[in-house]
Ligand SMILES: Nc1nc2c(c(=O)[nH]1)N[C@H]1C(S)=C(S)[C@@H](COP(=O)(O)O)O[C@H]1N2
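Listed next as structure tokens is one chain, alone, in the form predicted alone.
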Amino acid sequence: MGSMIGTAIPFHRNMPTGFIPAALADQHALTGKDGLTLLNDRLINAETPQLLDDPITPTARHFIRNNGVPFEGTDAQSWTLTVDGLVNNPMTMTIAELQNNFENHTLALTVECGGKGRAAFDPPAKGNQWTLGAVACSEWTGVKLKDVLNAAGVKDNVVYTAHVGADSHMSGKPDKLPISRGMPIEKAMTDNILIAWAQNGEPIHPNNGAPLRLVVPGWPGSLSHKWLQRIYLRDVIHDGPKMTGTAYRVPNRPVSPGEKVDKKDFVIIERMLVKSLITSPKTGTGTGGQVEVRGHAWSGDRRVQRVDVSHDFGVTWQQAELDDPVNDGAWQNWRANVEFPQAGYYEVWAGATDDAGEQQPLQSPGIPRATSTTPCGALRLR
């Protein structure tokens, strides 16, 4: 907590179990961040609604999603990672040993909260009321998870990984975890998942998981476990906190808003769906003549094939210029020159299509929806 506040806490031993200092419950907890909107101050959760125009997200503008906070120190020099469970060679390594024993990689990777867009749901959904800012694409430096697992020796009967961090449950009970998620071993062995110690060339921000975290692009951000201390391999689907019931799950079929769904009919969220985001110009910008509209698009493990833009409520669409991702797992930047015939009120919509033909749903942003999908990106201009 001292590292998150930025100074020592002389009387920390006097704090009641589970106590969170007031400094972590206000905007001072966002030290090192720029323009984030605080959604929850007991566990710091904050998003960047209109400051995501950079092709690579600066650390200061990367959203924060916490399920718990570390009650102990997060010193990088003494930090260790254990890899065990169903492996032939259990290992415990310092960050320095990770750096020296495995090839280092720097990748731009998109991390998206599974609850992004929740504020638009009707009936309302429980949880932090995320709008559009719970997504980011920073550059992360670390080692590939698959390289570490190969060194540990994955046994033939492994089905799933399980992740444990230093984030403690708010009850203060040492044997109770706030979250412990995992992924199918096939996903864990893909080429763009990092065990990372640096963000944009600097140590990871404390609220983004310093000193060590997983970065798993394309799947819910909850898999990118922060303050990472242990990965163990299992022969069953992991059943840690927030892996069972309805946590990070969706119905296995389309349902009506507010419809009750039996827990047995929920499935684990894996790849995130195709989405686009308009990042410039900002909502409320004056119009007239030709304006460059730009943003980002992404689609789980897939690539986005095209982005289309409309400024006449979807009657006509023009195809945007779309960049390739800088590497697998990064979002794709796009831009389009849009001609506004006269001054007035306009809504600019953007819709992405991925390489499997899946399209971002066309739905007026003013109409709430209660599904896991996100309607077309939009901004309002005058």
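Numbers follow the displayed sequence, beginning with 1. Everything quoted here is computed from the prediction, not taken from an experiment.
Below, we refer to the form predicted in complex with the ligand, which is not included among the displayed structures.
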All of F63, C113 and I179 with a heavy atom within 4.5 Å of the ligand in the predicted bound form
yes
In the predicted bound form, the one of Y160, W227, W298, W197 near the ligand [non-hydrogen atom within 4.5 angstroms]
W227
Since exactly one of N67, T353, Q50, T59 fits, which has a heavy atom within 4.5 Å of the ligand in the predicted bound form?
N67
Within 4.5 Å, heavy atoms only: does S222 come near the ligand in the predicted bound form?
yes
Although the partner isn't part of this model, could you tell me whether D308 comes within 4.5 Å of the ligand in the predicted bound form, counting any heavy atom of the residue?
no
Heavy atom to heavy atom, is Y232 within 4.5 Å of the ligand in the predicted bound form?
no
Would you please decide whether Y248 lies within 4.5 angstroms of the ligand in the predicted bound form, comparing each non-hydrogen atom pair?
yes
Which of 253-261, 97-105, 183-191, 205-213 lies within 4.5 Å of the ligand in the predicted bound form, heavy atoms considered? The stretch 205-213
